[in-house]
Structure formats: C-alpha cells, structure tokens
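Taking the form predicted on its own, here's one chain by itself in structure tokens.
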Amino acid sequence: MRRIVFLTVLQVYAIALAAIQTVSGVRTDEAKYLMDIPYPHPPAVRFLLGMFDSFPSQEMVVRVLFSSLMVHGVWLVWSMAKDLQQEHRTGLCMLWLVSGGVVLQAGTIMMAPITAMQILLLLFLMHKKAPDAAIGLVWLFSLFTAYQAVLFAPLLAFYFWNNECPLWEKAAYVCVPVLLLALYTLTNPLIPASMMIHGSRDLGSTITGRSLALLRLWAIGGSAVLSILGTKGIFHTRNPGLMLSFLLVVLYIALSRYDYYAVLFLPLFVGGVVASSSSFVFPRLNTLIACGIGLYLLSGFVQELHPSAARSTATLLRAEDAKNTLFIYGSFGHEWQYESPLPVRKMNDTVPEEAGALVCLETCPEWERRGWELIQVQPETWVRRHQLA
C-alpha cells in the first residue's frame, strides 16, 4: 500500500511538472523532435516520438511521458543507494526529486534530460553488474538519442577495462557504437551544419563570463546541494570514468552553455554520492536546503512563463477560423510549423494569392491591404477576411 501511495504522489508530481512546461508552448527544438525533423540529433527517440503523431494531444502526452521517466528515475537512485544508511538513502532520493535538473527539465521535450536518464540507467546497470550486452545496448541507444552521450564514454571505457571479458569485446562494446554514430553523421550533412551553428554561439564571451555561466549551470543541475556533494564524491572516490566524464561535461557546457545542459551533471552527481557515501553529510539539513533552492528555481521559472508568440498567434487564428496558408515575414523557428493550424510558408516581399493569414516578425512590407484585417499588433498578424468561414 505504501508503494502505491509513493507511486501516485510521484506521478502527480510528474504531471504537475509537465503541465508547467505547456504554458509557454512548444519551443523550436521541441518542435523538431515532435515533427521528426532529421537534425540536430540521431533518430532513436525521434522515431519513438513519431508514434505519438496521431494523438490529439501529442505535446502533453510526450511531456508527461518524459517527466514521468525523470521523476520515477528516483527508483534507480533508491536501488543504487541501498548500501547507504536509510536516512542518507532517503535524502539522496529527495535531492534527486528537488534538483534543478528535474524541476526545470522533467517536462521538456528535449534530448538532454533523456540522455541524463540513460546515463543514470547505465550507472545503475554498472552498479548492479548487469550483463555486458545489456550495458552495451543501452550505450548504443544513448548515442543514437543524442550526441551529448559521447561525453560519458569514459564511464564505459573504464568499466569495461576493469571487466574480465576479452579485450576485443571491451573494444567492441565501447567503440563500435561510436563508429556507427560517426557513419550515421557522415550520411546526414544537416547534422554537421547544425553543430557548426551551435558551436559558434557566444564566441565573443570572456573567460570570466563563461566560467560564471558554467558555475551557474553546475549549481542549478543539483540545486547546489547535490552539486557540491556529488562533485566532492566524484573526486573523492577517484573513479577515472566519473572524473573524466565530469570534466568532459564541464568543458562541453563551457563551450556551449545552453541552460538545459545543466541536467547532464545530475547522473554524475548521484554516481559520486553513491560511490563515496562519506561525502553525504547532514542528510536532513541538506535535503531541506535543496528543497528551498528547488522551490526558488521553480517559482522563478513559473513567474517568467508566458505563451510564446507562436502559441498565442495560433490560438487567435483558430478563433478567427483562418483558412488556406499562413505566410510569415521574417526569420522564424519550427515552433510556428507545429503550433499553426494552417500550413506555414516563408514570405518574401510580396503577399501570395494563396495567403489566408500573414504574420510579420519584422516590419511588414507594403502591400494592398484591402480585404485584410489586423487581428493582433505584436506580432503583427493579418487575416484575409473573404477567406474566413
């Protein structure tokens, strides 16, 4: 009965985190995954998301699914921490649930939190001495979920190096999936192009600016408390796989500091605490502090939430029963394609005859506006009246 209660509470928590993420609408990267656009990541999870294409509420279903996976990941943490004292074990599970990585990323349709869950699963399988084939399959699936999984290759390399299996098996389990990923990348030219665009972000930033941004994401990932305890455990245990993977994540985030990468720290923090239980001190006090920080992060995030321009405009177009094609003037992301009830096309300097609605993300060009009605000022949105029902 107690387990049923725990499962129910955790699921309610997961649904709440997913619901919060729906307020602003689908983001550009989320739209790529929901629409199975073949970049910037490999196809494993995108293919699975395509199975939800026919669902009337695809976005919410996937958000709840992703959020549930992250929240219920606490059961893996619970199992990994079985050698800790009961108070420490419960405290570590609470630190997982209130970490910034879970609170801010659980309901997002992004590959970073899914990668974090896959790495937690790998750490769990290694901790339980699972069959090498099972670990190898999870590693392969992780790599074909997101390229960031490569950052955790040292975990696999040092784990298999210490195994008693033949050398060729060790090399195959670690290297063959990486080679397959490289071959896939070479056959998809959009992927390297996308990497170049993302890699050139913030090239003008100073070392101080990058360091402060990195420190901020490190703290958010584990709500500061788990960040400190986990990092201490990683270096105290002197596990080469954990340490090198941690340093690779640090380097990667320093070069490409998107906020959602903070969640990549999370499984390593858990691995550090489990590997060095002496690093976890004052569990009740630390859990209380982490809960306060997690609540602060969540409240700040909620206060900044508002429907995106794509979602608010799409809602308005549905209310106006707009027909034909939506043309957008200016640069726009894939979220417009996902949210819009009409087919979306880019407009140049003339308004095509098939246009039933027009959105200007830049200053609208001059055109004959007879028969058009302005229905929204920001972004400037027009509807062709004679094409309304």
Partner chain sequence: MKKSFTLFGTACIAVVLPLVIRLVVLLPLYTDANVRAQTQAALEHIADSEGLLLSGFHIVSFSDDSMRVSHRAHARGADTLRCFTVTLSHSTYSPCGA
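All values derive from a computational prediction rather than experimental measurement. Numbering follows the first chain given and starts at 1.
Keep in mind that the form predicted together with its partner chain is not shown, yet the notes after this line are about it.
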Triple contact flag Leu186, Pro189 and Lys346 to its partner chain in the predicted complex, non-hydrogen atom at 4.5 angstroms: yes
Partner-facing stretch of 148 to 156, 99 to 107, 131 to 139, 269 to 277, counted where any non-hydrogen atom is within 4.5 angstroms of its partner chain in the predicted complex: 131 to 139
Interface membership of Asp36, its partner chain in the predicted complex, 4.5 Å heavy atom rule: yes
Close approach of Phe55 to its partner chain in the predicted complex, 4.5 Å, heavy atom: yes
Contact flag, Pro177 vs its partner chain in the predicted complex, heavy atom cut 4.5 Å: yes
Interface membership of Ser68, its partner chain in the predicted complex, 4.5 Å heavy atom rule: no
Residue among Ile289, Leu212, Ala172, Leu255 with a heavy atom within 4.5 Å of its partner chain in the predicted complex: Ala172
Neighbours of its partner chain in the predicted complex among 330 to 346 [non-hydrogen atom within 4.5 angstroms]: Phe332, His334, Gln337, Tyr338, Arg345, Lys346
